[in-house]
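In structure tokens, one chain follows: the form predicted alone.
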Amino acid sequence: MKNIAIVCSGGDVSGMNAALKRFVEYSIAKGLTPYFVQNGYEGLIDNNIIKAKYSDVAGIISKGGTKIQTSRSKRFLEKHYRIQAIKNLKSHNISYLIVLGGDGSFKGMQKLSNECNNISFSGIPATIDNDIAGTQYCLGVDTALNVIKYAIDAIRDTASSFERAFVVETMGRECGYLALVSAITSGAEMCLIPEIPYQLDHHKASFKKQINKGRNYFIAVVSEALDKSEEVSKWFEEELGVESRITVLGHIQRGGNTSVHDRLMAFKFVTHAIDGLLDGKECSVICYSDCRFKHKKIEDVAFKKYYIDPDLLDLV
């Protein structure tokens, strides 16, 4: 029997616990012994590696976050700490390691792969930012979008009641995907993201016309990457005479009850990761594009820029 481990690295997402459940159950079904790495790459360095059992994943599928914790490890950037991590994996006779995370986590995974022998690696894109090149979907995105949807629906109620403009700031780091999709699916009147150049005054004539025809509130969805929420709020008040409020959704977008889609995708991502490792894939990332799962080279994922689908951009 070979040993296989899984680690969550970087920001947590809803869907990681569902992935852990599938990891334990499918590993055992495939004749592997599963191990958890606690606390991300920090846990690799500190040898916080424990054997996983069925009971460890009972009842966790609906919960956000990750039972085995995660971290952003500055120590992992230093080679001697990575060497220690490799020694720790070998001390448990780990043959395979699955990494749930983003491009930074995958770059760390590639370094491990280059610096050790006899251990194979597989990456699963897990970030609500949905900014990983090579894949159209990352684990956790659907749950985050649903959290934003509920928030905007609730905000619209009070916006219309008080005749206000609400500026809703979403996460996404340097990528506007969350803001874009949320604005489209919530019927927002304004969407500002880094991928589309904008000038607020281009909205002025249209919004004034809408006010004259009876519109008494506005919803603007703004990506955190722009750092412009305060400016947009002031613009509504000073240029349109509409009272404005800002709502920064923040880290609530990372948590919450995991959606059906993310649970299913977690199961599929992990299944393809384990199957790929058993088939001899030594260092790849599981990507989802055009309704298919594909194993891609880490160089084509972690070291390339992500671009939002042009068809989505056209919708706004």
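Start at 1 with the first residue shown and count on from there. Computed from a predicted structure; not experimentally measured.
If you look for the form predicted together with a small molecule, you will not find it shown, but the lines that follow are about it.
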- So in the model of the complex, does Arg173 come within 4.5 Å of the small molecule, heavy atom to heavy atom? yes
- Query: Taking the shortest heavy atom distance, is Lys51 within 4.5 Å of the small molecule in the model of the complex?
  - Reply: no
- Task: Determine whether any heavy atom of Lys268 comes within 4.5 Å of a heavy atom of the small molecule in the model of the complex, and answer yes or no.
- Result: no
- Message: Can you work out whether Arg72 and the small molecule are in contact in the model of the complex, taking contact to mean some heavy atom pair no more than 4.5 Å apart?
- Response: yes
- Query: Which single stretch, out of 281 to 289, 250 to 258, 54 to 62, 28 to 36, brings residue heavy atoms within 4.5 Å of the small molecule in the model of the complex?
  - Reply: 250 to 258
- Query: What is the one choice in Glu169, Asp129, Asp142, Asp103 with a heavy atom within 4.5 Å of the small molecule in the model of the complex?
  - Reply: Asp129
